[in-house]
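Just the one chain here, the form predicted on its own, laid out as structure tokens.
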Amino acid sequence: MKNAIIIMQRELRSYFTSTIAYTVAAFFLFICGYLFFSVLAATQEASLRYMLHNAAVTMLLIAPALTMRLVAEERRSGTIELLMTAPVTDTQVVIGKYLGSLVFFLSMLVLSLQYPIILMRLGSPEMGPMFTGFLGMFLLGAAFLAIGLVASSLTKNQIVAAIGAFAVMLLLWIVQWAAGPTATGWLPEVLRQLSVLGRFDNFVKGVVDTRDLVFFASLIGFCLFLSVRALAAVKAR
């Protein structure tokens, strides 16, 4: 675990010295701020539900931007070979890189906590849905970062990694639409179960279902496993 922490710290240093990372963070906070004040002015409702719903869409762009370089850049520059010959395992490399991106995303999310604080000073909002909404945003971001890491592990090209990650995330986002609201049968039900949008919506409504927690945890674990296998394949070449 110590090696994974060292790699995480290395990735965090890279993020905090990267123009792209600061641009992504500024974009996320700008969108959140715009949505918060626009929705508050339009609805006069002490709720973050609409803001979180719309802000979650930005994760389709933010996650690929944060993860596209994690492994792809190392493979392109050749530094992945140095990393692979170091006394670290593939699992430690993957966990370290994933935690680095996750901590950076969490720092962005923490900065957006100013909005519930503003609501609490202006009125008496329901704390439960706000807490679960941010929990849902964190889990959604964590799952998308794991998907982005897989994409970055499969190619040397950062743009290809970003596009591949975006395509998979978008598919998981809209898969529920293919099932339709009233369709019955095993296939529509499977599509609904695979939808990250439906599960995220539960958190925003204030509902914490263990099935949703298991889904996100399983998706993250599966993606990290795929990333480890992809690194092992690179080492075997």
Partner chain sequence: MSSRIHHTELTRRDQIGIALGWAGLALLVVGLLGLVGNAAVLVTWVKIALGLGIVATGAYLSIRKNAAMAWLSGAKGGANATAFTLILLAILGLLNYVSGRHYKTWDLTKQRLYSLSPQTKEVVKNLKEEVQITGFYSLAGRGASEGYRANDLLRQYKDLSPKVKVEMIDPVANPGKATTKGFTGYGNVIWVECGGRKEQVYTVGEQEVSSAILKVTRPQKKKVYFLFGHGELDIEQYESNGLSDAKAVLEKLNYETSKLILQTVKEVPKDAAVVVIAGPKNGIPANEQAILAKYLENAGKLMLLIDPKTPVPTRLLQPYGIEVGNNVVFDPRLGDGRALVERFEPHNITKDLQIALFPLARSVSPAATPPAGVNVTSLAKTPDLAWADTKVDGPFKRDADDMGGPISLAVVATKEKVTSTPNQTNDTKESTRLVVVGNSSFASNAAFQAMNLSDAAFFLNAVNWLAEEEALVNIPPKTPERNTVTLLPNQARWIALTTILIIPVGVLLFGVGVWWRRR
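The shown structure was predicted, so the numbers you read here are calculated from the model rather than taken from an experiment. Positions refer to the first chain, counted from 1.
Although it is not shown, the form predicted together with its partner chain is what the next lines describe.
Out of 136-144, 93-101, 113-121, 155-163, where are the residues with a heavy atom within 4.5 Å of its partner chain in the predicted complex?
Only one stretch passes the 4.5 Å heavy-atom test: 113-121.
Report whether the minimum heavy atom distance between residue 36 and its partner chain in the predicted complex is within 4.5 Å.
Taking the distances in the predicted complex, the answer for residue 36 is yes, it comes within 4.5 Å of its partner chain.
Using heavy atoms and a 4.5 Å limit, would one call residue 226 a contact residue for its partner chain in the predicted complex?
Yes, contact at 4.5 Å.
Even though its partner chain is not shown here, does residue 40 get within 4.5 Å of it in the predicted complex, heavy atoms only?
It does: once its partner chain is placed as it appears in the predicted complex, residue 40 has a heavy atom within 4.5 Å of it.
When the contact criterion is heavy atoms within 4.5 Å, does residue 206 count as touching its partner chain in the predicted complex?
Answer yes; at least one heavy atom of residue 206 falls within 4.5 Å of its partner chain in the predicted complex.
For the stretch 19-34, which residues lie within 4.5 Å of its partner chain in the predicted complex by non-hydrogen atom distance?
In sequence order, 19, 22, 23, 25, 26, 29, 30, 33, 34 come within 4.5 Å of the partner.
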